[in-house]
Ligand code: CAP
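First comes one chain, alone, set out as structure tokens in the form predicted alone.
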């Protein structure tokens, strides 16, 4: 036990000095919760496994402090003086402290960051999003409904012209937003620049035919930041302002990659894909952090949009409650977590992005669950597997959205809309969990 890192009488809200984090901690046999929590506080702030002689009164004032524990639930609340973090608003550095070396500690069996709270004084040092869902909707001339999107499928293997044709089919069918799937990059069979060129042509065709603006989210994740910048600048040189977003694989490319994109291109919608997050967030994983905690870090880093799950409706792991909490933590000016209520002050909202096993029948259930129209849904198989093809799948999605907007039952609206009726018949048969959500 490290007593310098414990103060159960501390009021951590006074003076805006601390960032607060609550952890689920299961100590190794023979260790108690308070002692183990103090070791976590030490390792994740100023200390080591032993008291060091080089500590000063000033450094002691920067100790993380265990200020509350719940032994029945194996919870510990730790307060971090936020001055220990890189003063450049560096989320990578913050996470290196709070959820860094502590994951390798030998005296914990389980250690998971569940929730956090940040004072106004700390938030003032961080970017938050620049381009927002409101900017995206303004470009798309959308009001009162979500952004209807897709992921190009198959996930990989299409050549540049084929890839762009899928985009065109979706846009021409009534969709708004197309994204690269997270592994799409600069493969030999689909060179990045060629793909950008073909997409611009496909977008021009779709916009001319429909009279509507469209948006493409390009994955600019790359081996180094210089190549990320090259890809981003090439897109800018070919696409119209507002017609593109930059997708960054935030977990695999890294938090600094997200912040690099946010700072290089503040006018661009930065799309945070969370591929790899399950290694940290899944319920059965004892070490890591929760989806809401990760989402709050994404908002802090400046992500314009971030995948937050499907509220237990789609195919991905995650409970309805956790995904809704994450969506609200991303978007709202004030968000209610399981342990803290966060006021975001100067930090703008991050748009929730819903993907993973959704289809047109599930649009309304997801929208009702999340409680906002400020989200992007990116349906892959839920569009491209439509028996009528991608354009028909997009039309079915748009029709499902219109039915929801106008308060008409999906099955009723489908009577006069063939694409939607086909979608209902197909997805209720092929995707078992869809049927229970059909009105």
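Numbering follows the first chain given and starts at 1. Bear in mind the structure is a predicted one, so any value in this text is a computation, not a measurement.
The form predicted in complex with this ligand exists for this protein as well; it is not shown, and the discussion that follows is about that form.
Chemist: So, a 4.5 angstroms cut-off on heavy atom distances: do all three of 112, 326 and 328 pass it with respect to this ligand in the predicted bound form?
Modeler: Verified in the predicted bound form; spot residues all out of contact, no.
Chemist: Against this ligand in the predicted bound form, would residue 165 count as a contact residue? Criterion: heavy atoms within 4.5 Å.
Modeler: The answer is no: residue 165 has no heavy atom within 4.5 Å of this ligand.
Chemist: If you check in the predicted bound form, is residue 355 within 4.5 Å of this ligand, heavy atoms only?
Modeler: Yes, residue 355 is a contact residue.
Chemist: With the cut-off set at 4.5 Å between non-hydrogen atoms, does residue 299 touch this ligand in the predicted bound form?
Modeler: Taking the distances in the predicted bound form, the answer for residue 299 is no, it never comes within 4.5 Å of this ligand.
Chemist: Please tell me whether any heavy atom belonging to residue 66 falls inside 4.5 Å of a heavy atom of this ligand, as the geometry stands in the predicted bound form.
Modeler: No, residue 66 sits far enough from this ligand in the predicted bound form that none of its heavy atoms falls within 4.5 Å.
Chemist: Just one of 205, 315, 138, 283 has a heavy atom within 4.5 Å of this ligand in the predicted bound form. Which one?
Modeler: If I apply the 4.5 Å criterion carefully, the residue I get is 315.
Chemist: Select from the listed residues 181, 127, 322, 198 the one whose heavy atoms reach within 4.5 Å of this ligand in the predicted bound form.
Modeler: When this ligand is considered in the predicted bound form, the option within 4.5 Å is 181.
Chemist: Using a 4.5 Å heavy atom cut-off, which stretch among 404-412, 374-382, 35-43, 56-64 contacts this ligand in the predicted bound form?
Modeler: Looking at the partner contacts, the answer comes out as 374-382.
Chemist: Scan 143-167 and note down the residues that get a heavy atom within 4.5 Å of this ligand in the predicted bound form; none is a fine answer too.
Modeler: The stretch 143-167, when checked against this ligand in the predicted bound form, contributes 151, 153, 155 at the 4.5 Å heavy-atom cut-off.
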